[in-house]
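We begin with a single chain expressed as structure tokens, specifically the form predicted on its own.
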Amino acid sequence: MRLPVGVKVGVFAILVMAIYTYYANSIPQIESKPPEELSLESGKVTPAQLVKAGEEIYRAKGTCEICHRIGQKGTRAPDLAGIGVRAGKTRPGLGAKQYIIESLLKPAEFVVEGYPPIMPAVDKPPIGLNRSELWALTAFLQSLGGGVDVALDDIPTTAGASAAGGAAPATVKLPGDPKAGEAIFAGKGACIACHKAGKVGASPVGPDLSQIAKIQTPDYIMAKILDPAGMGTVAGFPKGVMPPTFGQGLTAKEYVDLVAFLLTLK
């Protein structure tokens, strides 16, 4: 009895599938597991993992690279190359890790000569690192020329409380119109004569403001418009270029509109 061609093809296909299935099942199987998420507060972290996590925070959430450089003098903030060693020799009575931790939490008390006090506390908005992230960031900074010995217990338990879900600080809400503020930035305020802000302006006379709301608080931005000299001059830029009476030339509405625009620059 001759089988139809279609039946022969079907039987052959089943036979081939059976062979491949047997071969595949004969290969030792390796169980695939998703990588365990690094938990900084679990204690299951090596110094190398901690430093790596800190470096990622430095470059991403911490936004440190916007102002700081490593091995290159920055225009906004000091070069951090070798900070792991230098930090222990900067202020009598403070070791390297204590100096680094304190300067992250209270930057206004650790201003380097020649630079303005523009750094916000990293555990508060707009950066808002939590306690574990502060630990990792400190470890990374220690690793820049020094040994890493910071422990989680070295970080104050109150650090990053709001970032970890505590009571959030009151936010500044202005009734300004960002679009109108952008027009002031490019027009009446003549800010584009010195600054760049995203797609608006291109002048390098003053600092690039494209991410100003990401690295500075609303309080700083508002005060800088009203009292430019009083808030310091960013290193690498000439002093006294921004008119001290700049804010006085704006109406109240123009002022809040301009601030509202600057707060969108993230």
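Between two forms, the rigid core is the largest collection of C-alphas that superpose within 1.5 Å. No experiment lies behind these values; they were computed from the predicted model shown. Note that residue numbering follows the sequence shown and begins at 1.
Not pictured, yet referred to below: the form predicted together with heme C (HEC).
Novice: With the cut-off set at 4.5 Å between non-hydrogen atoms, does Gly249 touch heme C (HEC) in the predicted complex?
Specialist: Gly249: no contact with heme C (HEC) in the predicted complex.
Novice: Examine Leu80 and determine whether its closest non-hydrogen atom to heme C (HEC) in the predicted complex is within 4.5 angstroms.
Specialist: Close contact exists here: in the predicted complex, Leu80 approaches heme C (HEC) to within 4.5 Å, heavy atoms only.
Novice: Look up in the predicted complex whether Pro178 has a non-hydrogen atom within 4.5 angstroms of heme C (HEC), and give yes or no.
Specialist: Answer no; every heavy atom of Pro178 is more than 4.5 Å from heme C (HEC) in the predicted complex.
Novice: Report whether the minimum heavy atom distance between Ala48 and heme C (HEC) in the predicted complex is within 4.5 Å.
Specialist: The answer is no: Ala48 has no heavy atom within 4.5 Å of heme C (HEC).
Novice: Hey, with heme C (HEC) in the predicted complex, do Gly88, Leu94 and Ile155 all fall inside the 4.5 Å heavy atom range?
Specialist: Checked in the predicted complex: no contact with heme C (HEC) for any of the three.
Novice: Could you pull out the residues of 93 to 108 that have any heavy atom within 4.5 Å of heme C (HEC) in the predicted complex?
Specialist: Those in contact are Tyr99, Ser103, Leu104, Pro107.
Novice: When the rigid core is used for the superposition, does Lys61 move between the shown form and the other one (threshold: C-alpha shift of 2 Å or more)?
Specialist: Lys61: C-alpha displaced by less than 2 Å between the shown form and the other one.
Novice: Determine, after fitting the two forms on their core, whether Lys52 shows a C-alpha shift of 2 Å or more between the shown form and the other one.
Specialist: No, its C-alpha moves less than 2 Å.
Novice: After core superposition, I'd like to know whether Leu94 moves between the shown form and the other one (criterion: C-alpha shift of 2 angstroms or more).
Specialist: No, its C-alpha moves less than 2 Å.
Novice: Relative to what we see here, could you say if Cys67 and Lys196 have their Cα atoms closer or farther apart in the predicted complex, with a change of 3 Å or more?
Specialist: Relative to this form, farther apart in the predicted complex.
Novice: Which is it in the predicted complex for the CA atoms of Tyr58 and Met231, closer or farther than here, knowing they shift by 3 Å or more?
Specialist: Distance between the C-alphas of Tyr58 and Met231: shorter in the predicted complex, by 3 Å or more.
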